[in-house]
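Only one chain is included here, represented as structure tokens and corresponding to the form predicted alone.
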């Protein structure tokens, strides 16, 4: 008898779930404004030319073979130097693994530490992969609350309440997707102290660590003296290389008790998928060594567009939001009495006005009653999006009056 894994069919990735609806809307001749995917290259941003040329030359030079499963040594060496120069971190190339994007690093890490029934703590609201990946391995993601009124800063007391004998990992994400929150030193120290108390490894998704709009980024590893710490980062966002699918993991273990075991466990998985994209790895070396001139322009544009998006949200009836301090996301709260639940709002807005936002409930239980939008689109598209939202709002209010509800 043919049998399927039921867990697979429970997986949701809200950021792309409504794509078939968007395509159906486009077939009716409506121009859809896509505010769902955090990909700068879908807007008016470009991969720096020297990165593209280096990958092209690498391919012409014959670097088209399977690389080492851990990633080519030259790239891991460049990453080691990068971590030292940018972050004052001493991580040897042997403790760095190149991955097919941060998503693969999430997958490797969760698979390494969990057996069926085990639990990981993830922030709520949460990037969908933190919830769906454990599900694939019959483990459980338990969301700890991030406090909306405090800018979605983690509630460490709630985190403590949710630790059980089956807790295997604590996942943190600062700067945060979907909220744009930036965690301060006290919160990070409290989280690391809690992890050390229970001897639970910490996995830190740092993919947005250089897209800071206001304030300063505090690296979580500064407080990781007494915990096994795995950092996840990549080239997609800060180097505008989303489709290249390159990320990396680095392991910090000041005790020396676990690092070899972590590297071995990750590499056993990495070998089964053969290797990361070889020519792209040479491009990544060029990214690390070619300077950050493009980054200033990226942040300048995103900061300006985020300010506009924030202003328009605050001018919209039934919406409010904490101003993001980092990333290129914004996470407004909506009034259910006006808009219905968040999924209903996102679906109706897409069908009726062709604006594609992501329902907040797709980011876990603590995301309900919100929506996520990217702030990457040029100002004219952001303004047009709100013209459509306001038109939708007028139609909803008119319908409510007509029906007497």
Ligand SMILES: Cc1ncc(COP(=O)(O)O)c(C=O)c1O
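Values in this document were obtained by computation on a predicted structure and should not be read as measured data. Positions refer to the first chain, counted from 1.
We do not show the form predicted in complex with this ligand, though everything after this point is about it.
| Quick one: of 281, 306, 177, 133, which gets a non-hydrogen atom within 4.5 angstroms of this ligand in the predicted complex? | Selected residue: 177.
| task | Just give me the single entry in 183, 329, 108, 250 that has a non-hydrogen atom within 4.5 angstroms of this ligand in the predicted complex. | result | It is 329.
| request: Using the partner position in the predicted complex, report whether residue 173 sits within 4.5 Å of this ligand, counting heavy atoms only. | output: Flag for residue 173 set to yes.
| Might residue 207 be said to contact this ligand in the predicted complex, defining contact as any heavy atom within 4.5 Å? | Residue 207: contacts this ligand in the predicted complex.
| message | Is residue 102 part of the interface with this ligand in the predicted complex - any heavy atom within 4.5 Å? | response | Judged by the heavy-atom cut-off of 4.5 Å, residue 102 is in contact with this ligand in the predicted complex.
| task | Classify residue 76 as contacting or not contacting this ligand in the predicted complex by the rule of any non-hydrogen atom within 4.5 angstroms, answering yes or no. | result | Result no; residue 76 lies far from this ligand in the predicted complex.
| Among 192-200, 122-130, 219-227, 147-155, which stretch has residues with heavy atoms no more than 4.5 Å from this ligand in the predicted complex? | The contacting stretch is 122-130.
| Heavy atom contacts to this ligand in the predicted complex at 4.5 Å, residues of 281-307 in sequence order | Heavy-atom contacts to this ligand in the predicted complex: nothing from 281-307.
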